[in-house]
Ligand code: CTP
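Here you get one chain, nothing else, as structure tokens; it is the form predicted on its own.
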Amino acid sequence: MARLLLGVSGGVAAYKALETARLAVKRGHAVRVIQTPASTRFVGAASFQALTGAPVLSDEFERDPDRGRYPGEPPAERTPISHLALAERAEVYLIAPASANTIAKLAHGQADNLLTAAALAVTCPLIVAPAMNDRMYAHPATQANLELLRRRGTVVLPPGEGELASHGEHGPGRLPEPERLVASCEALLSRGAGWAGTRVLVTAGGTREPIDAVRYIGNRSSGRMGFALAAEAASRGADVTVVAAAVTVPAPPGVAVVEVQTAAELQRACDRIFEQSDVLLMAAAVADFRPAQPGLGKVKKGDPPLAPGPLELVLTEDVIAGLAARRRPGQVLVAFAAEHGGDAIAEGVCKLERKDVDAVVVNDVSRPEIGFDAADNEVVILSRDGAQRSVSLAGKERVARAVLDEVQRLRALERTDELQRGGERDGAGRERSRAGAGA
């Protein structure tokens, strides 16, 4: 299982960290604990040591009797620097509870205790679980610090709402239950498996096809879904490039962005990048039509091509079908189908076959609460092997996780097929060799 580093900062909720450590050990994880000096006023180090079977550290100058070793590992040959050794070998670092003071230090890179110093040294995923009074949690400084951590790639688990430590007070600020804390660590570890070095190409936003120098044909796609996919892929360790068409939301950190406007520009950008990509997530709303002859300046009322008849439109190139036609073995292609009422699933099945892709993500944009320029979405993921997965109404970040989970499954399926094909080829070669030897 995994090497879990648990950081415990000061607060009444520190007692939940004991149960978190116990559950993690029960599930087979090797756990080491770092406490801030303030946290020891709420929960003693001896309790954590009894649960984990390993020394607990709380000071940068404190010698680690286990020399950076996680439970179940052989002892190290030398005595390392404690926070560097534990951080270097951790597979996930969970800070729970994370007080307002600790969150402020993490956001601004301070390292005045062992817990925050380890946070600067880790290369593994970092999860922060805030726990504090509701007024402290709602304070603009705390919220700004949490947002800064999110932008840097830290996973922030929102606190629960209920009774707080202060008598009679109720509101957001409760540390999530230990079961959820451990499950979040395991989900993050699972999502990261197999993505390091994977090159992911994402398209986002909606293309704009010019009518003249100032007008265009477009759609209401904001780029939220594409950027959510890019952020999720990046959090799993993938190298991500986004071809963004007129997006209206900020790009996530850690991804490369190529800005385009028209379907033709998007196609040219994808043509350049696709060959080196392992996964294509075609979330952009690419225009199906463009004006046949855009005006060079601003077309006046009554001037051609707007009068006397309708605007003449021609078909744009089918970008993903063109890319699918020249895919190499091992690439996984996912299309998105924004349907407007009708039998959306049937349309998605047709698109799956017609585009020759591995999966199609179908959603009904006729519903105002989902789809274009909305924070939430509800989709059905149709895959080439007949699998069908529904994702009920949720934030686009959750939808992105479901899509990437399906991509991971399809990639594993592709690798299994390759191994089977290789085995069949080897078997056929051995049969021919035996036949030749017999002759």
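Quick note: we count residues from 1 along the sequence shown, nothing fancier. A quick note: this is a predicted structure, and the numbers were derived from the prediction, not measured.
Same protein, other form: the form predicted in complex with the ligand, not shown, and the subject of what follows.
- Looking at 151 to 159, 347 to 355, 89 to 97, 122 to 130, the stretch with residues near the ligand in the model of the complex, meaning non-hydrogen atoms within 4.5 angstroms, turns out to be 347 to 355.
- Taking non-hydrogen atoms only, residue 282 approaches the ligand to within 4.5 angstroms in the model of the complex.
- The ligand is not drawn, but in the model of the complex it has no heavy atom within 4.5 Å of residue 112.
- The ligand in the model of the complex comes within 4.5 Å of no heavy atom belonging to residue 101.
- At least one heavy atom of residue 338 is located within 4.5 Å of the ligand in the model of the complex.
- In terms of contact with the ligand in the model of the complex, the residue from 312, 288, 73, 343 that brings a heavy atom within 4.5 Å is 288.
- Here is the short version: of 319, 225, 243, 118, the single residue with a heavy atom within 4.5 Å of the ligand in the model of the complex is 319.
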